[in-house]
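A single chain comes next, written as structure tokens; it is the form predicted on its own.
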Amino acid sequence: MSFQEVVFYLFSLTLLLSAGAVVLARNTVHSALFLVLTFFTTSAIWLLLEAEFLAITLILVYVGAVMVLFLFVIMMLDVDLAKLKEGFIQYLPIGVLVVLVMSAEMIMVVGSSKFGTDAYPIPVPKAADYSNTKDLGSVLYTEYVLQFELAAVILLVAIIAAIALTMRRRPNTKYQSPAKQVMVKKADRLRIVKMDSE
């Protein structure tokens, strides 16, 4: 067993344990921190697969932005853990069934002939100036440009829907109407008063 395989199995074991701890941790802050560890170990596995751009993107976007936001929200909210655990036993059989179905699906996909070492030839070593970011960009914007743009449109629709769902108008709040501001003339706002000098 080579050193790379040992490191891969070490990171994979850490990934599985931290992902399980995300679900099983009693404290929500600990759960979020275990999710950060999960992202870090995933990016380390991507580095082993020579996908440096994806690994750095995972750390910068998810760990650097999303998880910091999660931690702020979790720490600001007063989460009642006893109330959250009330329906745990009630929904346990459904949760176990979903886990079994998803595990069977993943085993069928990963265990098929399209994946594994037999499906693809051993990669040829790359030159020192090789950039997988350049190759990823060229493939993404040529072969998969339609799928990439479709994903961008779906994300844009999701952002707009989230804003529309959370935006509510409060009757006591003062707000300005840009349409009325544009229609205002000088005579509506300005009144010149002549006064005698003192």
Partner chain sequence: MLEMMLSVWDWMPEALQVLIKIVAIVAPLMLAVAYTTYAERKVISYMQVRIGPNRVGPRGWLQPIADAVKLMFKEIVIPTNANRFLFLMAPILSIGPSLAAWAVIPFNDVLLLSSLDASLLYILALTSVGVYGVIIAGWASNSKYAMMGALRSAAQIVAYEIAMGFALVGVLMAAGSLNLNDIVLGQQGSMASWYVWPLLPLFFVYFISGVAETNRAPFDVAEGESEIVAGFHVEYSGMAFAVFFLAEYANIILIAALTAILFFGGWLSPFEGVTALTGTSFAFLMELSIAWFLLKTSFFIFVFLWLRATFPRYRYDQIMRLGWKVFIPVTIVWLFVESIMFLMKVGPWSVGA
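No experiment lies behind these values; they were computed from the predicted model shown. Numbering follows the first chain given and starts at 1.
This next part talks about the form predicted in complex with its partner chain, which is not shown.
Contact residue in the model of the complex, chosen from I56, L150, L48, L140 - any heavy atom within 4.5 Å of its partner chain = Contact residue from the list: I56.
message = Can you work out whether A44 and its partner chain are in contact in the model of the complex, taking contact to mean some heavy atom pair no more than 4.5 Å apart?
response = No, A44 stays farther than 4.5 Å from its partner chain in the model of the complex.
query = V99 near its partner chain in the model of the complex, any heavy atom under 4.5 Å?
reply = Contact with its partner chain, no.
ask   = Is L92 close to its partner chain in the model of the complex, meaning a heavy atom pair under 4.5 Å apart or at it?
value = No - in the model of the complex, heavy atoms of L92 and its partner chain never come within 4.5 Å of each other.
key: Interface membership of F72, its partner chain in the model of the complex, 4.5 Å heavy atom rule   = Yes.
inquiry  = Residue by residue through 89 to 106, which ones have a non-hydrogen atom no more than 4.5 angstroms from its partner chain in the model of the complex?
reply    = The stretch 89 to 106, when checked against its partner chain in the model of the complex, contributes no residue at the 4.5 Å heavy-atom cut-off.
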